[in-house]
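Given next, in structure tokens, is a single chain: the form predicted alone.
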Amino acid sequence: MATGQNAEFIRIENIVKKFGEVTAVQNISLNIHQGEVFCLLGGSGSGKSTLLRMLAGFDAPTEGRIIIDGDDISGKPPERLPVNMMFQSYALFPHMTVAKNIGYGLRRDGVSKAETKQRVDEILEMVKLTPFADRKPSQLSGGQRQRVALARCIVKRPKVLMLDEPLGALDKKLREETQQELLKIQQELGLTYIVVTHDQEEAMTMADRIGIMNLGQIVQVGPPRELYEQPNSMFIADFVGSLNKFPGSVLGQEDGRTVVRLSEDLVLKIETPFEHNTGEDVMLTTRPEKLEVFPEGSSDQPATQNVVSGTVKFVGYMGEQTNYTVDVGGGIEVRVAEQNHHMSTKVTIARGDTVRVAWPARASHLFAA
């Protein structure tokens, strides 16, 4: 986000949405910055689409208000709002050409033919669809139809573009290309994006900040790195990315670190900003990619505070990385994910081998059990 942008461009103040006896959105307050890509991330039924529909004017809040660029939009119809919304279905007119689909909203708003043509031509060039201007939607690929839907939204120059699961219908390669295209257009036009998705990878790739929703509430807001590396709850830690989870109890403090017993033979030292009482039951979590595995007897010496021995139960070569599952005793299995940066002695690790797992003190989090 560039310096000088309005940090309260969109203000959501104590928003509640009820459908009969069901509360879909529970007292949410949130600021969204101008020129920001903000993602609402959550599972089905978390309330993210309901919140987006209120921001777009399709639903009125039961309580609270929404302010965009100083204007209270609560209760105003969608056509009077400085926003546009792109749905996953695209909803293109099959009988219209690409150019006519893109210019439909301008024509309906009474924009002159000359200005409509100029703006449509500019957008066609921006989304790389100029050669397809006279084609019908049925003559386009899925990715091209997605770009037509995007162009139709941004040609009206909204202050805010809202995208509801925008890339769900695309395959992985095309989804990655379209993500980059969406961000390039957002930066060129200085638009504010609000993206609703259940796809963690999509949110982490696109967002400046993410608001994670659960049961109608936003439970943590922050940049992708902060949510991943510093989750504020067990729910966030488990929801974002892959996770090892182990129940344990606190033995005490040593050299500024918390000492945790996971089993009779497995004691680890954890760096944590929170105080934990001796004897407290905790859940220890760690990301698979934060750990390393070493063949037993190798000359490599892991430079970490925790090193445990175990037996390899699973090896999965994924190309860019190799996944291991290691039984470290006491009924505990640890998942390790290592990037294949270069060939090494680790290529010989196989099921049944004895290995060491290196466990950095800073790589784990503790939560109340």
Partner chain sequence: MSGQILHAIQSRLGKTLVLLPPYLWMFLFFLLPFGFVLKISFSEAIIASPPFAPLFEYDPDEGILNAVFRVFNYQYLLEDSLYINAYLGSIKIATVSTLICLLIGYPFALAIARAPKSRQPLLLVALMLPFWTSLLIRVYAWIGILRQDGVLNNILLWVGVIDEPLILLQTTFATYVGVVYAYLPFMVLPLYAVLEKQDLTLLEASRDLGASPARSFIDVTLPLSIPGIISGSMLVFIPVIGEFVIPTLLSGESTLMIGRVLWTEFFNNRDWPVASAVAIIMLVVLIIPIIVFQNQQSKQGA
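Residue numbers count along the first chain shown, from 1. Remember, predicted model here, so these are calculated numbers, not experimental data.
Note that the form predicted in complex with its partner chain isn't included here; everything after this is about it.
Chemist: Counting only non-hydrogen atoms, choose the one of 91-99, 120-128, 199-207, 247-255 that falls within 4.5 Å of its partner chain in the predicted complex.
Modeler: Stretch with heavy atoms near the partner: 91-99.
Chemist: Can you pick the one in 293, 218, 85, 270 that has a heavy atom within 4.5 Å of its partner chain in the predicted complex?
Modeler: Checking each option against its partner chain in the predicted complex, the one that comes within 4.5 Å is 85.
Chemist: Among 108, 173, 157, 113, which has any heavy atom within 4.5 Å of its partner chain in the predicted complex?
Modeler: Looking at 108, 173, 157, 113 one by one, just 108 meets the 4.5 Å heavy-atom criterion.
Chemist: Does any heavy atom of residue 104 come within 4.5 Å of a heavy atom of its partner chain in the predicted complex?
Modeler: It does: once its partner chain is placed as it appears in the predicted complex, residue 104 has a heavy atom within 4.5 Å of it.
Chemist: Is residue 152 a contact residue for its partner chain in the predicted complex, using a 4.5 Å heavy atom cut-off?
Modeler: The answer is yes: residue 152 has a heavy atom within 4.5 Å of its partner chain.
Chemist: Residue 79 near its partner chain in the predicted complex, any heavy atom under 4.5 Å?
Modeler: Yes, residue 79 lies within 4.5 Å of its partner chain in the predicted complex.
Chemist: Decide whether residue 58 counts as a contact residue for its partner chain in the predicted complex under a heavy atom distance cut-off of 4.5 Å.
Modeler: Yes, contact at 4.5 Å.
Chemist: Taking its partner chain as it sits in the predicted complex, which residues of 262-282 have a non-hydrogen atom within 4.5 Å of it? Please list them.
Modeler: Nothing in this stretch is in contact.
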